[in-house]
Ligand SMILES: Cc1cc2nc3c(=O)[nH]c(=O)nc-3n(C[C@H](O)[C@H](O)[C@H](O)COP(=O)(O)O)c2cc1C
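In structure tokens, one chain follows: the form predicted alone.
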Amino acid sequence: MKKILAFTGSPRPRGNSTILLEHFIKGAKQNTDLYEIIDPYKIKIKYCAGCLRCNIIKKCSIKDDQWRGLSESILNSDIIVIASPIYFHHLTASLKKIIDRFRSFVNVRITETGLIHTPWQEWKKDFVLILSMGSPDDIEAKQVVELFEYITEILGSENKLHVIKATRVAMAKQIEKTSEELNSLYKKLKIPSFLSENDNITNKQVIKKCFELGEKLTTRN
């Protein structure tokens, strides 16, 4: 069975990205019970110090936090899921702190024209981005998607990236609201209320996509 390691980056207990992650896991549970959900706000992970010692010892040199166990879980997983709201065009800070520590998975060589990244071991994983944002335009998530396109590329040619984006969801639990509830909310937020019906349909489609992707990725050999 496929093993999933998921990170939920929302500081809200019922944030939209967290709810979408739950639907992804529901889909995955059709085929596997090997999953773990990490809340970055509840674990002790220090910031990358840019010491470059990982280039020598092939692992992070920072001590007295939970990175060692977490890094082993990352390496042993088949599917890595990052669920996050978009805050100022990027992941939440708790998640970015973890992503920075991914530096220890690769050797970085400085050349005359740029950097060459070589992973200590080639990865063959599915990466899943589940992103929610208040903006109606998913261009807000561009920097995050481009970052993970780069990460999946340098960590192994057989990695695959899957992206699901939910737009115009700014308030907690909004992704699950009915068209009537959205209509009421949009009036408060001064968003044209006629958008509520189509947004409700779109939100349901995004929820379905999360479930179906979770089921699909765990059926692969």
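Residue indices: 1-based, along the sequence shown. A quick note: this is a predicted structure, and the numbers were derived from the prediction, not measured.
Keep in mind the form predicted together with this ligand is missing from the figure; the text below concerns it.
- Query: Is residue 10 one of the residues lying within 4.5 Å of this ligand in the predicted bound form, judged by heavy atom distances?
  - Reply: Yes, residue 10 is a contact residue.
- Task: Mark residue 78 yes when one of its heavy atoms lies within 4.5 Å of a heavy atom of this ligand in the predicted bound form, and no otherwise.
- Result: No - in the predicted bound form, heavy atoms of residue 78 and this ligand never come within 4.5 Å of each other.
- Find out whether any non-hydrogen atom of residue 86 is located within 4.5 angstroms of this ligand in the predicted bound form, and reply yes or no. Residue-level check for residue 86: yes, a contact with this ligand.
- Query: Would residue 143 count as touching this ligand in the predicted bound form under a 4.5 Å heavy atom rule?
  - Reply: Outside the cut-off, so no.
- Okay, which stretch from 186 to 194, 29 to 37, 44 to 52, 166 to 174 lines this ligand in the predicted bound form, with non-hydrogen atoms inside 4.5 Å? Stretch 166 to 174 is the one.
- Task: Would you mind checking 133 to 153 for residues with a heavy atom within 4.5 Å of this ligand in the predicted bound form?
- Result: If the 4.5 Å heavy-atom criterion is applied to this ligand in the predicted bound form, 133 to 153 yields 133, 134, 135, 140.
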